[in-house]
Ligand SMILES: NC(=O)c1ccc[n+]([C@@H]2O[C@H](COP(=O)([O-])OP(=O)(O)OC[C@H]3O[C@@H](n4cnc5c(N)ncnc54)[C@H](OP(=O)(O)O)[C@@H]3O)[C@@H](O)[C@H]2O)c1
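Single chain ahead, written as structure tokens, the form predicted on its own.
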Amino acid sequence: MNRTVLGRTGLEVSVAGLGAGGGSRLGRATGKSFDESVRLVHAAVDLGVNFIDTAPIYGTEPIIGAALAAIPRDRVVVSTKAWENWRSRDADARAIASLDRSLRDLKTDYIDVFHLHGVAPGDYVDAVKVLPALLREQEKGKIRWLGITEYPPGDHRHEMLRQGFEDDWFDVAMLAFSMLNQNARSRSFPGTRKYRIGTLIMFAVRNIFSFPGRLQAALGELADRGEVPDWLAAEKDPLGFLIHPEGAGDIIEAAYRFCRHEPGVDVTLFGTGDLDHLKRNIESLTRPPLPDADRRRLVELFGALEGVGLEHGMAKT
């Protein structure tokens, strides 16, 4: 497993991060038992994954807590979140209560990265008002590093993160980036790199690449608006140019490799529900970059798009 340093945290992390949410939720969404999901976490760690991301809303913190019981705590970096009504009067107390519940469910004394979850641009000013309270919890040793995550469906241009760069509150940021949603390259990564903010990538695959027909439908709408060439909408396999002996084996692999090797990306998150899928995702994320010609073509075709593939919903990966 390839490792990198997560921004100014200094944490040495795997470039592939196990996401415990999405449509898989460690297999719980597809009928896996609690124990099967615990074994999946163990398998990921055995394969070199040391970054695990969860949140109370995913319902997977107890699974990870059970898995951690058999893993030396310093062998993994655990990320979780608090998702609150940031405009409420007691948002700080609720965030601390969420932190304490996470500590109990994860069966740990500290959270490596604790995020404000899904902060929309209009909520940023209110959300950061809870930080003094969280900094006090950090002083107690409950939190090592503070993070913040975007709300991609409502923040296509990464406006929330751009508000936060100058404030310099956050050590880690989770943001959306993919083959069809590349504008973080110009709108986010210059700031995260300048301030040495660790980056976690979500929406690298999601529905648009993993569900048959979604990509073609999206490209059809984009062609109708003049945002991509008409021939892409007419193609049965519009990204087929990525699949060749020197390139990717399939679109999912291409999507992960595209994100993982983008300058400014630290950890690319993936979800999974079974062991074979886990292995395929890790293999994709540890392969070399896409050929230069393929990457340039992706940038040429899709580099100007915004907000594509950021819908909520059940994803296979």
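These numbers come from a predicted model, not from an experiment. Sequential numbering from 1, following the sequence displayed.
Same protein, other form: the form predicted together with the ligand, not shown, and the subject of what follows.
- In summary, among the residues 205, 173, 219, 127, the only one with a non-hydrogen atom within 4.5 Å of the ligand in the predicted complex is 205.
- Distance criterion of 4.5 Å from any heavy atom to the ligand in the predicted complex singles out 118 from the list 118, 164, 198, 238.
- By the 4.5 Å heavy atom rule, the three marked residues 23, 252 and 274 all count as contacting the ligand in the predicted complex.
- Under a 4.5 angstroms non-hydrogen atom cutoff, the ligand in the predicted complex lacks residue 63 among its neighbouring residues.
- Taking non-hydrogen atoms only, residue 270 approaches the ligand to within 4.5 angstroms in the predicted complex.
- Proximity of residue 210 to the ligand in the predicted complex falls within the 4.5 Å heavy atom cutoff.
- In the predicted complex, the ligand sits within 4.5 Å of a heavy atom belonging to residue 149.
- With the partner left out here, the ligand still marks one of 41-49, 23-31, 288-296, 65-73 in the predicted complex; by a 4.5 Å heavy atom cut-off that stretch is 23-31.
- In this stretch, 69-106, the one residue having a heavy atom within 4.5 Å of the ligand in the predicted complex is 81; the partner itself is omitted from this view.
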